[in-house]
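Shown below, as C-alpha cells, is a lone chain in the form predicted on its own; questions about how it binds or moves come after it.
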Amino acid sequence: MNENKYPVIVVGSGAGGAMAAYVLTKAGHKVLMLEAGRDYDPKTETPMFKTNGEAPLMGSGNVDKDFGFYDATVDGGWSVPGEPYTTGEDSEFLWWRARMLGGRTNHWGRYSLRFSEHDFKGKSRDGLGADWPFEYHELAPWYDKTESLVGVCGTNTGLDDMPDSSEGVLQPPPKPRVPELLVAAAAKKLGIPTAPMHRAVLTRAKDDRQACFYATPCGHGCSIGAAFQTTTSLIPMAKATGNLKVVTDAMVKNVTVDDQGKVTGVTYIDKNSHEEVSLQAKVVILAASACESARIMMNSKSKHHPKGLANSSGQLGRNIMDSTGTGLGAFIPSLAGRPKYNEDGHTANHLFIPWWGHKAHANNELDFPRGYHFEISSGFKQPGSGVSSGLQGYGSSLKQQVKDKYGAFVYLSLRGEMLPNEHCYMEIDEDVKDKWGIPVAKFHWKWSKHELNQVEHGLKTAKEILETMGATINHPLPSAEKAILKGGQIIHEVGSTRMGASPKDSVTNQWGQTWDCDNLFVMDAGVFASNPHKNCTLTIMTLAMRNASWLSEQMKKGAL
C-alpha cells in the first residue's frame, strides 16, 4: 500500500471496526485501521489474577478507574485528560471513551442477546421511534455467523424475546448458581421466566483461544481469549491475512471530501508527534463509537456538506439513546450461613430475567411502551471495600455475622429500552477544543415519561421478586427520577447516525452507507434505529459483518 493512500480506512478498532476489518481483509482487501487510543496487548498487560486485596482501596473504583483498580480500560473512562466534552443547560450525560486498541470490547459485559422482531419493528407496533429498514429473518443468518465466530454460550429457550440460534451455534452455558435458582423459583411464582444468559465467553476452546476456567474477573481483561475482545481475536486474525495495517494513537480530526463532496480520506492527529497527517482512501468506514463517529462527521463541514458530513437529513447527532438503568437489592435470609464453596463461574450472571411483557404491551396493560430485563448479581464474590449494613457487636460474634451474610445478598439490575426524543442529541461546542485542537461534543439529555414509567414498574417488580424470596424491604422505593441512572452511564449510547429506508429521515441506508456519500460507511452503534433493552455489541458486530460483506461485493464489482 502507498503510505498515504489506501483502498479502505477503518476508524476504530472495537466491535464494529475490527469486524469490518476482519471481513474485508479476509476477502482480500487492503485495510488501514486507525485507533485513537494506545496499543494494547492483553496477553502481557492483563491483571487477570490480581485480587482486590492487592490494590489500593481494595480495588474499588476511583476518578482514574471508574470500574475498579484492575479494570481492563487502561487510559479511558467517562473522563479522559485533555479530551473534555460539554453538556447543555439542565443536561447530565456521561460519555465513555475507551482510548485503547480494541475499544470497548476490552471492557464490555459480554452479554450477547439477539434483537428480536419485536425490537426491529417497534414503531410498527406502537407508533413510536423508528423501525429498522429490514426484518429479523434477514439478519438471523448473520447472527449465527457472528455467534459462531465470536463464541457465545447460552441455550435456545423458545421465548419470544430471545430468538433461537441455529443448532450447534451456541456453546453450553455454565450451571446456575444457588441464589439464581432461588430467583428463578420466586420469579416463576409471579409468572416471570428466567433463562441462561448468553455471553461471549468460551466454555469450549475455539481456534487458538482457550475455554474459560472460571477463576478470574472478565473485567480485568482476558489474556487467554475466553472472554471475547477484538484484541485477542478479530484484530490478530485480520493481521494474519497480511492485509491489515494498524496505527494507534491516531486521533481522527475529520473526513475529507473533493470538490464534488465525495469522500477522499481522513485527517488525523498523531498523538505522539502532535503532527497532522492526511491520508487518502477509496472508502472510509467510521466505527469510532456512536458519538465519536458523529463528532468526526460534524467536524467535517464543507461547501457540499454545510451542516456536517452526510447530514442532508438533519438527523446527524439526533436520536441518541442509552439503555435505562436502575436496580434493587436485598439480604435473603434463606441464603445466610450456607456452606462456602467456589461458585465463581464466568463472572457475570448465569441466569437472568428476560422481558416477559410483550403480550401485556399488546393488550395495553402497561403505561410504558418498551421492555426491560433483569441481570442478577449474587453469590460468593471476591470481597471488596464495602461493609454490609445491620452488623452488631464486635469480636468473634461480629465475624460470624459477616461470614453468615457472605453470599446472601441478591441484586437485580434493570436494563431497559429508551425511545428517542427531541431533547436527546449532540452538537459541536464551537467554544471548546480538546488538547488536539479538535472542537468537542456538546450533549443534551432528558429522560421522557416512557423511561420513568418503565423504571417505576421495574423497581416494583424487583421488590416483589425479592420479597417472594424472603427478603424484608422496609424502606420506600425511590422515585423513578432519582432511581434512573444518568444518560450514558450504561455505556450503550446509539442512534447518532441512524439508518433508515429514506434519506429524508436517516443518515445511512441499511448497509451503513451514508445516503449523501456512497464511499462513506458507519459501522458502529450510531446506525441503530432503536435501542432495545439488550446489550448492543452483538448486533454491532453482526451488522458490521453483514455490511462489510456487502461492501466487499460492491468493491469487487467496481461499484465503489
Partner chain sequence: MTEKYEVKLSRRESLKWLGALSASSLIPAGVAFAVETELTKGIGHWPTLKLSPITAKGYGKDPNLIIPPKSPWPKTLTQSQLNLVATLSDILVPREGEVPSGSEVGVPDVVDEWVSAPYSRQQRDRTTILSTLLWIGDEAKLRFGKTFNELSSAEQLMIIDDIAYDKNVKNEEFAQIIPAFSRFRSLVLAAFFSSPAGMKDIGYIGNVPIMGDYPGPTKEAMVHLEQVVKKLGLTL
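Residue numbers count along the first chain shown, from 1. Note that the structure is predicted; figures quoted are calculated from it, not measured.
We do not show the form predicted in complex with its partner chain, though everything after this point is about it.
Screening 357-365, 238-246, 462-470, 253-261 for residues having heavy atoms within 4.5 Å of its partner chain in the predicted complex returns a single hit, 462-470. Of the candidates S506, N519, N535, T46, T46 is the one whose heavy atoms come within 4.5 Å of its partner chain in the predicted complex; the others do not. For the options L279, L182, L328, I192, the one in contact with its partner chain in the predicted complex, meaning a heavy atom within 4.5 Å, is L182. Each of G76, R177 and T216 places at least one heavy atom within 4.5 Å of its partner chain in the predicted complex. Residue contact check for W515: none of its heavy atoms lie within 4.5 Å of its partner chain in the predicted complex. Interface residue remark: S91 is not counted as part of the site for its partner chain in the predicted complex, having no heavy atom within 4.5 Å. In the predicted complex, at least one heavy atom of S396 sits within 4.5 Å of its partner chain. Its partner chain is not drawn, but in the predicted complex it has no heavy atom within 4.5 Å of P84. Of all the residues from 334-364, those having a non-hydrogen atom no more than 4.5 Å from its partner chain in the predicted complex are S334, R338, P339, K340, Y341, N342, E343, D344, G345, H350.
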